Every structure is written in C-alpha cells, then in structure tokens.
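Next up is one chain by itself, shown in structure tokens, the form predicted on its own.
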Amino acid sequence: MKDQKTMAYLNMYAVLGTLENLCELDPKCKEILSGIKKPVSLCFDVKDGPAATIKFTSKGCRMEDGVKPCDIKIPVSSCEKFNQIIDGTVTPVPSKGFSKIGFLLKTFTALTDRLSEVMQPSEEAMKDREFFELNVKCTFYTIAVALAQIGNQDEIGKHSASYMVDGDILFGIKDGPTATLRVKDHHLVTIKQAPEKPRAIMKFSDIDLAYALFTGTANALECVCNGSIEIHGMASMIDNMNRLLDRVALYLG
C-alpha cells in the first residue's frame, strides 16, 4: 500500500524537484522561463509533511528544503491534500502573494503542465528521439530522488535503509545523468551529481537500457549477467538500494 505521507515527500522532492532538471534540459521550459523579469520564489508548506521553496528565474529554477523567504506561500492542510494538488484534483490556494497570482496561474502552471507532458508521455511523443531522451533523463532524476525519500519515509524503505552502511552510491547512466545516493546513519540524501569516492556503483550502459528497466521491459538480472548493468563495490548497499527501487516502482509506477 502507498503511504500518503511518503507519497507527499515523493511528490514534493522527486516530482516537483524534477522541475530543476526539466528547466535545464527542455527548450520549451526555457522559453516559458524567459518571460520572468524578476526572480519569483514559491513555497509549499505541508502540515505534518514536507516543505520546500522553489526559486524561479529567467535562467531556471532551484528547490531548497524548508520554508524560506518567498513571494508566494501555499500552506497545505495535509499530505493527502498535497497529493491531490499534484494530481490536479485540488486547486492550491496561496496565503501570501496574491499580487503574484499571474505567475502561479500562467508560468508555474505552464511548467508543471510541461512536466506532466514529459513524465506521462504519449506513445507518439516518445517516437521523437530528443523527447525520448528528455523523458528518460527526467525519469532518472525523479527515481534518484525518490530512492532517498522512500528510504527515509516509507516503513519498508526505512527497514532497507537500516541495513545500509555509511557512504556514497553512484547511480547513473553511461554518457548520461548521474546522481549520488548518500547514506549517513541510515538517513539517505540524493545529490544530483556523481560522488568523488563511491562505495558502490550501479550504472546502466545507455539511455535505451535505462528506459527498458524503468518501464519493466528488461530483465534486470539478465542485464547484470551480460554486463549492461555495471555493479561494483559494497554488495549490501546495492542489494538494499534494489529493494528501495522496488518501492519506488510501487509509488510512482
């Protein structure tokens, strides 16, 4: 079963957090952002759940954990309500920033609509190679961040994290995006760049293989055996990261 609080953390950091990468990679998002004349910061503050502040400029966006000084603040009464906002079944209501409501209704909505278009693509859209690669890269970043949130919030995920020793796991795609899953005292943090000294490595041979694994059309064990999934280092870290990946698939699949 999906836990609503865990889902809220995934929606905040893994889903909305992927806007950082989408705005960096996607020409359409860059065009949307080009209309921003002054930086705008938007904060979601979920009761008994996650809180994050996203700063938008004409060059991109960055998410920072917690409630920070912001232009627009949206308090959310529960994790369940926040999940409904992300699903599009509930309209967010700001407590601060009514003068910036145009940004919320136009720019932010346009960016999240584009995120949905990329992350939930049509079969026709995926025939375009450039769009295909954009989808896989953004999916990778979403999964990479979701691993940490599952390990920290989901009860089964926390059990797996309890067996993980301190250190960095390199998670990546050859000639593509790479991330660090950092373990410290069984708490996990995702960093969207490669670690300097990983204790373990899981790397996919190319973007096409990553897509097949993300969509469940490739057999992971066969890929390990034929070397298309590169695995090195601390076996227990990889084993428990695989268990977290299974939980990610349950929540985001």
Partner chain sequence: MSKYPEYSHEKGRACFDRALKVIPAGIYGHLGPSEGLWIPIQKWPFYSSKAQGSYFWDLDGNKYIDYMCAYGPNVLGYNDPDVDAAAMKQMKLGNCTTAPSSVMVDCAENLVDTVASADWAFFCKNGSDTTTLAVMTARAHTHKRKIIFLKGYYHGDFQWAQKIDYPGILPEDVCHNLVAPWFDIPALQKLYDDNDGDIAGLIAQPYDHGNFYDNVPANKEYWQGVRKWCDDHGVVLIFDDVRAGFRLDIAGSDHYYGIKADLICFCKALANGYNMSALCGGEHMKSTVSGMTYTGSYWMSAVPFAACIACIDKMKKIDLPNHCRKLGTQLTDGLKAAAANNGFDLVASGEPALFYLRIANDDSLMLHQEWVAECVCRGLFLASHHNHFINGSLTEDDVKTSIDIAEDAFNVVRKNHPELK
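As the structure is a prediction and not an experimental result, all values here were calculated from the model. Positions refer to the first chain, counted from 1.
Below, we refer to the form predicted together with its partner chain, which is not included among the displayed structures.
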**Report entry** Every residue of 22, 68 and 110 near its partner chain in the predicted bound form, heavy atom within 4.5 Å
**Finding:** no
Query raised in the report: Does its partner chain come within 4.5 Å of any heavy atom of residue 86 in the predicted bound form?
Result: no
Report task. Answer with yes or no whether residue 160 is in contact with its partner chain in the predicted bound form, where contact means some heavy atom within 4.5 Å. Result -> yes
Query raised in the report: Wondering, does residue 231 line up within 4.5 Å of its partner chain in the predicted bound form on heavy atoms?
Result: yes
Query raised in the report: Wondering, does residue 226 line up within 4.5 Å of its partner chain in the predicted bound form on heavy atoms?
Result: yes
**Report entry** Stretch from 208 to 216, 195 to 203, 22 to 30, 57 to 65 whose residues place a heavy atom within 4.5 Å of its partner chain in the predicted bound form
**Finding:** 195 to 203
Report summary line: If we test each of 104, 156, 90, 125 for a heavy atom within 4.5 Å of its partner chain in the predicted bound form, the one that passes is 156
Report task. Between 234 to 248 and its partner chain in the predicted bound form, list the residues on our side with a heavy atom within 4.5 Å. Result -> 234, 235, 236, 240, 243, 246
